[in-house]
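Just the one chain here, the form predicted on its own, laid out as structure tokens.
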Amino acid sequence: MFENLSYLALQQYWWALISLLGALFIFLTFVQGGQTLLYSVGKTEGEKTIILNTLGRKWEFTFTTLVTFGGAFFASFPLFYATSFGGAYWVWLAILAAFVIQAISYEYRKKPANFLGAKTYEIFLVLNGLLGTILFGTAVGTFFNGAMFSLNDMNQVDWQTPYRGLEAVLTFHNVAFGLTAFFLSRVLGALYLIFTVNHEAIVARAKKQVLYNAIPFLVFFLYFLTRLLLKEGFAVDPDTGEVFMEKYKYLHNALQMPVNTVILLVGIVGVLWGILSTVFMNRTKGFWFAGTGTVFTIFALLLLAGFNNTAFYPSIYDLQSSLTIQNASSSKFTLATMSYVSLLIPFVLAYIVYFWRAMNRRKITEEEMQEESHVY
């Protein structure tokens, strides 16, 4: 089946899968966002324990999705993996460190022999939520704004700054996406607490945080989207593979990919409805509208970055070193073989959904935390 597809169709298929994994990861950062709300929503030790336990039951999903995202990129687009992970390694090491301290913190916060104290690990969790989302979002911003690298004839990367990817913070459009991801994660985290916690004070404070964080989220997102549609983009000549600058490239992509634009608009409406229905209509299931909207929105944005003859990882130092889904992918045989493995994804998702529902069958309460033998 897959071996009968064209090479380009397989490359597009895998870019779509990568985009979906990236979108799912951004959605799952509601765990990180919820962690940053620990001290503003939880005022007592009991309340903080409730918050960290309802979030702690999902933290593995975020970490696993990040690892899967990196692994899928390595398998399908190895030149990107070699260029970004091998060149911009400081930013990826910082992201990895942020997630390592999360795993340690959940496991050791309530351990009897915790000589650092629970507060130390709580601060680590807040840092994970802050740095993990902003750095990852800023790194994704380089898909649209480029990075400082060049490739030689052997496709070996030569990074042009000593900061190894951290220089992405000097481009405000990158940072705007990082801050969008950060405030969105806090909105989703607050919505998740409202959906899963049976505690009046926590729910009331979380509802306020939805509104407080929705405002900066919308400001940064609208700036990022407007700037994206109006800026020059990195176009690729489909016949020669030459990369060149095209005015309004991403706006052209949006107009020439109408189905993708509909997905983007549906996603934005979903996020807005999740926020508005919670804040102004006192509904408790806004998390699912905003979460689904997040997946649709990020998925559509990442498709804009790689489809329609666009360089998904541009070089602003040497334009012709820019990476496209054509020049950065694995061989046709490798992509076709992996595509069969990808057919297992629906079964994995069904497994995740089953256990997600099992863990969220009842809202978490203070009494449950007192009776539970294992708490975070």
Partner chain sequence: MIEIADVSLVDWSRAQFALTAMYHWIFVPLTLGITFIVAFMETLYVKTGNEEWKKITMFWMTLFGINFAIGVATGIILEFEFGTNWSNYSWFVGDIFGAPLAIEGILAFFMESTFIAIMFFGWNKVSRKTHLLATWLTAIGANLSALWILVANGWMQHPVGMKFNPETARNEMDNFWEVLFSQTAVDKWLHATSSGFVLASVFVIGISAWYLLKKREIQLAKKSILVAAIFGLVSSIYLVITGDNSTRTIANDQNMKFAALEGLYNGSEGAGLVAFGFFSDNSSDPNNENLKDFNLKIEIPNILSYMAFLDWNAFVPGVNDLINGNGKYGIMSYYDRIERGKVAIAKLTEFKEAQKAGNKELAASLKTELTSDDFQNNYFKYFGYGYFDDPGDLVPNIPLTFYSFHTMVGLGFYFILLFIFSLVFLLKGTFEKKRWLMRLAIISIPLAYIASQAGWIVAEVGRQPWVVQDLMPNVAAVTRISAGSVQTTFWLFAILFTILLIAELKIMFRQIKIGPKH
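Numbering follows the first chain given and starts at 1. Keep in mind that what you see is a predicted model, and the values were worked out from it rather than measured.
Another form, the form predicted in complex with its partner chain, is not on view; read the next lines as being about it.
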item	value
157, 218, 276, 148 - the one with a heavy atom within 4.5 Å of its partner chain in the model of the complex	157
Heavy atom within 4.5 Å of its partner chain in the model of the complex - the one residue of 204, 266, 170, 103 that qualifies	103
Segment assignment from 238-246, 293-301, 175-183, 106-114: heavy atom within 4.5 Å of its partner chain in the model of the complex	106-114
Close approach of residue 308 to its partner chain in the model of the complex, 4.5 Å, heavy atom	no
Residue 317 within 4.5 Å of its partner chain in the model of the complex, heavy atoms	no
Distance check, residue 39 to its partner chain in the model of the complex, heavy atom within 4.5 Å	no
Its partner chain contact at residue 99 in the model of the complex, heavy atom, 4.5 Å	yes
Residues in 333-355 close to its partner chain in the model of the complex, defined by a heavy atom within 4.5 Å, in order	333, 334, 337, 338, 341, 344, 345, 348, 351, 352, 355
